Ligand SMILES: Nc1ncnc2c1ncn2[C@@H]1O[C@H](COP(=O)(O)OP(=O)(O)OP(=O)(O)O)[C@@H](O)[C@H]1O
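In the block that follows, a single chain appears as structure tokens, in the form predicted on its own.
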């Protein structure tokens, strides 16, 4: 393995305190590198989303440690980690190109750098011909692909995807996950996908599961 992108040791996160405390993540130790292609499954409430937020630096652990050896600064900014959120909807008044460009513009990028990044991301997910479409004119699968393109546009080193196929039917979900893995390959980025559904075994080199906040390795 090359230098880890993110590394945890007995990582934990608890919501609340006392009798109302809820342990969402408990004792998770893992290493994710640029070559990682992993899927973590588990029922709703198992801790998958909280784990991804911890790995992205969006939440602070209440116990254990986490570090990002390959990033500077650490924790890394949002332009270095591509985070695909469950509720990461598109802005309906902007076309696909502008939706994908928005995080780059907010991060201070301008001009050709933004155009090239957006074009590259749309090509990675197969939406080059839909750049001027409004979200209302897209299919459910295309909406999810546009959300994915938005996360990929900054060319992140690490991609964390929370149920990226969402409510898609199985064939569409498998197509999207395949594109996601190929995009990670193209960017030489580490990839961790969280899902409540079973994912095609051939797409992922590692299969993990979250059970009551604990990470269990299937293989």
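Positions refer to the first chain, counted from 1. Fair warning: this is a prediction, and the values are worked out from it, not measured in the lab.
Keep in mind that the form predicted in complex with the ligand is missing from the display, and what follows is about it.
Peer 1: Just give me the single entry in 139, 74, 86, 128 that has a non-hydrogen atom within 4.5 angstroms of the ligand in the predicted complex.
Peer 2: Checking each option against the ligand in the predicted complex, the one that comes within 4.5 Å is 86.
Peer 1: Counting only non-hydrogen atoms and a 4.5 angstroms cut-off, does residue 175 reach the ligand in the predicted complex?
Peer 2: Residue-level check for residue 175: no, no contact with the ligand.
Peer 1: Find out whether any non-hydrogen atom of residue 22 is located within 4.5 angstroms of the ligand in the predicted complex, and reply yes or no.
Peer 2: Contact check for residue 22: yes, within 4.5 Å of the ligand in the predicted complex.
Peer 1: Counting only non-hydrogen atoms and a 4.5 angstroms cut-off, does residue 46 reach the ligand in the predicted complex?
Peer 2: Yes, residue 46 is a contact residue.
Peer 1: With the partner removed from view, which of 182-190, 64-72, 48-56, 27-35 is the stretch that lies within 4.5 Å of the ligand in the predicted complex, judged by heavy atom distances?
Peer 2: This holds for exactly one stretch, 48-56.
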